[in-house]
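This document opens with one chain alone, in structure tokens, the form predicted alone.
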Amino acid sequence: MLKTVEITTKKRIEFIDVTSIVRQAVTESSVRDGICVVYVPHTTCGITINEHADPDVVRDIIYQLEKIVPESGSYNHIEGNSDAHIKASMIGSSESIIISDSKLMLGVWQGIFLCEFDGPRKRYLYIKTLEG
């Protein structure tokens, strides 16, 4: 099963917790044991799994990414969003999560985040569940 979800981001850089959206897609798929692939088809947006219990973790990740790849720098890309492309490449565009007994095998503190680096924009999240 493939589910497409449209997400509208509100800030230039933000991490949106999409864990509940992915869990719902797994429930709807009726896959008991398999894999869930979460993917974004964008070059300035990513997907990551990290702690979602303490919002300071996300703030720290964003802060450190900004230090490593600042918005303004000596970039050649004329659109002015080179930092967003670099950050998205560092984070990656997909995550694969094991499904066991119809549940995502996430750790207690783990959540799935859509990582916006060039917003606000309309983004698409693809969730593919595979039996196996």
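What you see is a predicted model, and the numbers here were worked out from it, not measured in a lab. Numbers follow the displayed sequence, beginning with 1.
Just so you know, the form predicted in complex with another copy of the chain exists too; it's not on screen, but the next bit is about it.
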- prompt: With the partner left out of view, is Q110 within 4.5 angstroms of another copy of the chain in the predicted complex by any non-hydrogen atom?
  reply: yes
Discussion item. Can you work out whether S94 and another copy of the chain are in contact in the predicted complex, taking contact to mean some heavy atom pair no more than 4.5 Å apart?
Written reply: yes
- Query: Is there a non-hydrogen atom of E28 within 4.5 angstroms of a non-hydrogen atom of another copy of the chain in the predicted complex?
  - Reply: no
- request: May I ask you to state whether V5 is within 4.5 Å of another copy of the chain in the predicted complex, using heavy atom distances?
  value: no
Across 39-61, the residues having a non-hydrogen atom within 4.5 Å of another copy of the chain in the predicted complex turn out to be Y39, V40, P41, H42, T43, T48, I49, N50, E51, D54, D56, V57, R59, D60, I61
